[in-house]
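Take a look at this one chain, the form predicted alone, written out in structure tokens.
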């Protein structure tokens, strides 16, 4: 009855994957076909998906990302640093080489509402991956120009996220969610929906 809500409640961001797990590419292609059904501004469908399974390419991506993340982590404020530390999140991005697959999701900058439309497709994608029993993470690199150069991506495309896909190396609790009454208002700002 509430299949989509059940999937959303179950889905969590995974940062540690079992290496070289045997995952059927068809499961990933199914999830991508779901993502292609997302709505978009002017029906431009501005998204492009690049599947990476080659180990050497994943090493290049990880090296570029970690160099940028080191720089990023030196600049962040104390409150954010504490939040990251509490969750064990560092500049090291092992998931970029551990996960059997990466999907790099691009938006076409020439299309209207390309960022918003592409992120709707990403939402479809991660729920479809969950439906297929696959773990994922929406990792947004702090710098993307070097990745695009290394992969020969045309300039009109913006890297929105890198999604590692696989099976989790260990179980993880889902981050707590806020109550609907804290996030849903009706008729006026601040007036919670009562159920």
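Positions refer to the first chain, counted from 1. In this text the structure is predicted, and so the values were computed from the model without any measurement.
Beyond the structure shown, there is the form predicted in complex with a further copy of the same chain, which is absent from this document and is the topic of what follows.
Colleague: My question is simply whether residue 64 lines the interface with a further copy of the same chain in the predicted bound form - judged by any non-hydrogen atom within 4.5 Å.
Modeller: No - in the predicted bound form, heavy atoms of residue 64 and a further copy of the same chain never come within 4.5 Å of each other.
Colleague: Can you tell me whether residue 126 touches a further copy of the same chain? I mean in the predicted bound form, with a 4.5 angstroms heavy atom cut-off.
Modeller: Result yes; residue 126 sits at the interface with a further copy of the same chain in the predicted bound form.
Colleague: For residue 90, is any heavy atom within 4.5 Å of a further copy of the same chain in the predicted bound form, or not?
Modeller: So residue 90 does not count as contacting a further copy of the same chain.
Colleague: Evaluate residue 149 for contact with a further copy of the same chain in the predicted bound form, applying a 4.5 angstroms cut-off between non-hydrogen atoms, and reply yes or no.
Modeller: Result no; residue 149 lies far from a further copy of the same chain in the predicted bound form.
Colleague: For the heavy atom contacts within 4.5 Å of a further copy of the same chain in the predicted bound form, list the residues of 6-33 involved, in sequence order.
Modeller: Contacts from 6-33: 7, 8, 9, 11, 13, 25, 29, 30, 32, 33.
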